[in-house]
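In the form predicted alone, a lone chain appears below as structure tokens.
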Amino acid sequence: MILHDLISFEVLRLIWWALLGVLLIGFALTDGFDMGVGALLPFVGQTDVERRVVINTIGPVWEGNQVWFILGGGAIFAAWPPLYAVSFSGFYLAMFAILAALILRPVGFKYRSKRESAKWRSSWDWALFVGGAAPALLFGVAVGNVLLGVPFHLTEDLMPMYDGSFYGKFLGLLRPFALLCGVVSLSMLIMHGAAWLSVKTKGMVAFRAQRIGTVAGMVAAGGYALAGLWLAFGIDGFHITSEIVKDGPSNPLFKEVAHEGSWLIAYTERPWILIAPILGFAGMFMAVRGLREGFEVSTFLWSKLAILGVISSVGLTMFPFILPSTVDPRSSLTVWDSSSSHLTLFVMLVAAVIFMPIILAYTAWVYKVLWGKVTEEDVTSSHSAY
């Protein structure tokens, strides 16, 4: 028996679909509060020292948190190559904007304190704001477009082709529902960042963060509810109408797809997935309550639960679709027809089983070592502080 035959192709596809979700959720849980803190920076810090306190809450951990972003991109490239090809070519300008914003973060950290000028430092503070707010918004816009469907089709040799001009592809992403999803993403990560600041700071910085985070959490919950209603009554879903071959070749053109009905029919077919939006709403409600009451660690954990529920609800609602096509629904990418080979998925799974525990262990160790509040005395007396 060949070793990789120990796990069927169908099961490996399901495992890597779940692992992709784990990596994306891991990125949102960790680097998400970094982005939220960046978006909050100009508003929760009124003095230079207060802003330095805010920056130093994420300064030691943001690089490690971005490991999840790299792992997610690598998993898409290796486990789901058609998804990588289609999404990165169609979302090229959006991806470039996200990367440009993310690049502002390390540059802002390093250059902000190179000069004593208040104008200089304020400019870099706003650069850090863009580095946090822009990706948080655009990631949500991307998720909204995935739910709406993307205007691409596959040629007979599986080359992805997009409708519209180069710049039109980017502007075409800014549809009302997608922008709503962007608002949900941004407000949810601002809430997450506020929860982190309530754990890591004290005094007026923590107070302002809790006040803004409370409003952001309510906006996130309202936007999430509105998006659900919009999906139910205003947006057509995608459904496979032909026989589903779960262990066949990775060729999306071998199936038939209908673009009709509602995405939310998934909740009648698989009622157990209702747990995801319940966790999302419960997490947001409890996080808002924790921010209002001044709770710390529990609020941060509830905020994590909200992110887990919201992201999971998208993946579970769409399953088995990963990237639907509005131009040619038959070209839509699903779990069953857009993966790498059986052997590749098995080898990657072995690597994930070995290295994921190591990543989780050193991440936990870093947070344990760096646990505790950042104070104004810390940033003014330490030569290693930003």
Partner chain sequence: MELDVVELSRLQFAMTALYHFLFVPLTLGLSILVAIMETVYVMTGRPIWRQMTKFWGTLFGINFVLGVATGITMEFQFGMNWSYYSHYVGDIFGAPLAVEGLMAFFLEATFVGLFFFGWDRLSRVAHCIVAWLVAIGSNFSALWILIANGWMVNPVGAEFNPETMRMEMTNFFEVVFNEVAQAKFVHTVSAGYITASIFVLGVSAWYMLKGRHVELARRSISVAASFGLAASLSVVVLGDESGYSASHTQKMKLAAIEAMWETEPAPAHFTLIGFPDQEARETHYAVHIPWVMGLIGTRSLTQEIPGISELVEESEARIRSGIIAYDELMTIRAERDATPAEVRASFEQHSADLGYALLLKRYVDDPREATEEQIKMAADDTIPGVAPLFWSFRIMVALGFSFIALTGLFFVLSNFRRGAYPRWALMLAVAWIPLPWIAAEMGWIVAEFGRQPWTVDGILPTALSASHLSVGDLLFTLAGFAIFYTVLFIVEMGLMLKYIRKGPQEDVEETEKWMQRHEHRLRTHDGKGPFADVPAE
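Residue numbers count along the first chain shown, from 1. None of the values given here were measured: they were computed from a predicted structure.
We do not show the form predicted together with its partner chain, though everything after this point is about it.
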| item | value |
| --- | --- |
| Contact residue in the predicted complex, chosen from I103, M204, I278, L301 - any heavy atom within 4.5 Å of its partner chain | I103 |
| Touches its partner chain in the predicted complex: P60 (any heavy atom, 4.5 Å) | yes |
| Exercise: S250 in contact with its partner chain in the predicted complex, heavy atom 4.5 Å | yes |
| W336, heavy atom within 4.5 angstroms of its partner chain in the predicted complex | no |
| Close approach of G73 to its partner chain in the predicted complex, 4.5 Å, heavy atom | yes |
| Heavy atom distance at most 4.5 Å to its partner chain in the predicted complex, all of F129, L179 and T380 | no |
| In the predicted complex, segment of 150-158, 266-274, 180-188, 205-213 with a heavy atom within 4.5 Å of its partner chain | 150-158 |
| Members of 280-294 lying within 4.5 angstroms of its partner chain, judged by heavy atom, in the predicted complex | none |
